[in-house]
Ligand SMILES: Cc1ncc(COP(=O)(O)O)c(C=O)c1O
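A single chain, nothing else alongside it, follows as structure tokens in the form predicted alone.
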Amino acid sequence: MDQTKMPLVEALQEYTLNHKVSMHIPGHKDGQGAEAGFKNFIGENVFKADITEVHGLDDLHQATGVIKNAQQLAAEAWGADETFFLVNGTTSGIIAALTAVANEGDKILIPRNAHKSVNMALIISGAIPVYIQPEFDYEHGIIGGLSLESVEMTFRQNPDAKAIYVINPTYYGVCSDIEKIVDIAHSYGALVIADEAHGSHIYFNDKLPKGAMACGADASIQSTHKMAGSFTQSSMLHVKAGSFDAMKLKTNLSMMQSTSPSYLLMASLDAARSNMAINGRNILENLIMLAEQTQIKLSKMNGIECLNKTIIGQYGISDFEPLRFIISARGLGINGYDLYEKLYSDYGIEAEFADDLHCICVLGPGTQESDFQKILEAASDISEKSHSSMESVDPPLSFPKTPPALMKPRTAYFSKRETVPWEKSLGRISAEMIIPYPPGIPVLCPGESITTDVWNFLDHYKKDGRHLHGPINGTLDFIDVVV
């Protein structure tokens, strides 16, 4: 297929050029009814392209024209048999895929560091999670990959599992051995569903980790906006033919997505696909070179550490995605949260997120060479103005052991519940998810017992004032538990 073509973008341009009298939604009518200041800020063409299903622009939920053509081009670009555009983020694709595979009482193997959207799928489907604890790299304070031994053992204990969910790469750039995990899963007749929210770009340069679809996975859900340049909230679901009940998957997607999908989001997916297919290799080649050079330079600075490919081969880590800087200044007595704030307030650098030890900066196709210089200058200045500290930064608490699941997530979520003070919650069954955010990994899920390990871990976050998703008031002063 001709990857220079952008069928949806081209149809949208043609429609906006041949102006029609608008007697359809949206109500701003090509921007004529928009607030003037906002319109001046974002531009007139944004409003002209913000339309709905009109002549020649197809229907996302029953695509037969330009949207279907755009999705077929995307399928070819990412090595899939079929691709679906997502306008409700990767979350919608994850829920649609998992609920297409597993019904009430079916098992799904899930790494404990999976995104919270997986638990939403469990609540909706009634499936039973079988959690696999990833390795933990205590030296660097990050969650590693899934060991092949733990995957094999979990399948051996649960040979009836319908699927395994894998992450490729994680927020920290960590990759498990997806190819071998696929082999193990398929030997048990299970599907492999890959969360590649941070991996839409890795298919376009062989110096990056191998994409899950290229490893034989049955599906990949990607946040195209994160690393391939489409608009925020736009994502894609790629699938292999015959892996899923096609009608059920499409029905699920219709249930999880708006009936008024944004053509701005869909057109941005079409454009991002073309750009990555045509220019991705060269864009990424330069980025990889600059990123790896910068990681080395950062690591040579006094008191500064920056993760790189040297972590491969340990803690279940099969590969490392280098287009991110996982920076620590613990040698200077600066924790990750303070480093994050310092980069923003003193140097004008908005990083992605922080944890106890690290500040994480994520690159992308739009990252400029001057941006690398700015992070180097900032880190150098911090290193020079600070002194190696004998006062150590407390290492992060390792994720607690998965607590006992006393109920299915769906049962607990819909059970009668009561709100209790956090201090009195120990030993109770949680009716909600508690998720340190970012990176959005649940520590406690509906149906699980609030063990001492879990309570201590979350209490540490609570006392530090860290951001938590899930608790009813956002501060974990109270929690909903099953009666």
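In case it trips you up, residue 1 is the first one in the sequence shown, and so on. Treat the numbers as computed from the prediction; the structure is a model and nothing was measured.
A second form of this protein, the form predicted together with this ligand, is not displayed here; the remarks below concern that form.
- Taking a 4.5 Å heavy atom cutoff to this ligand in the model of the complex, the contact residue among 84, 171, 78, 340 is 171.
- Listed residues 223, 268, 176, 328 were compared with this ligand in the model of the complex; 223 is the one with a heavy atom within 4.5 Å.
- Shown alone, this chain has one stretch from 121-129, 156-164, 70-78, 84-92 that lies within 4.5 Å of this ligand in the model of the complex by heavy atoms: 84-92.
- Under a 4.5 angstroms non-hydrogen atom cutoff, this ligand in the model of the complex lacks residue 272 among its neighbouring residues.
- Within this chain, residue 218 is remote from the site of this ligand in the model of the complex, having no heavy atom within 4.5 Å.
- Contact between residue 198 and this ligand in the model of the complex is found at the 4.5 Å heavy atom cutoff.
- Shown alone here, residue 115 lies within 4.5 Å of this ligand in the model of the complex, counting heavy atoms only.
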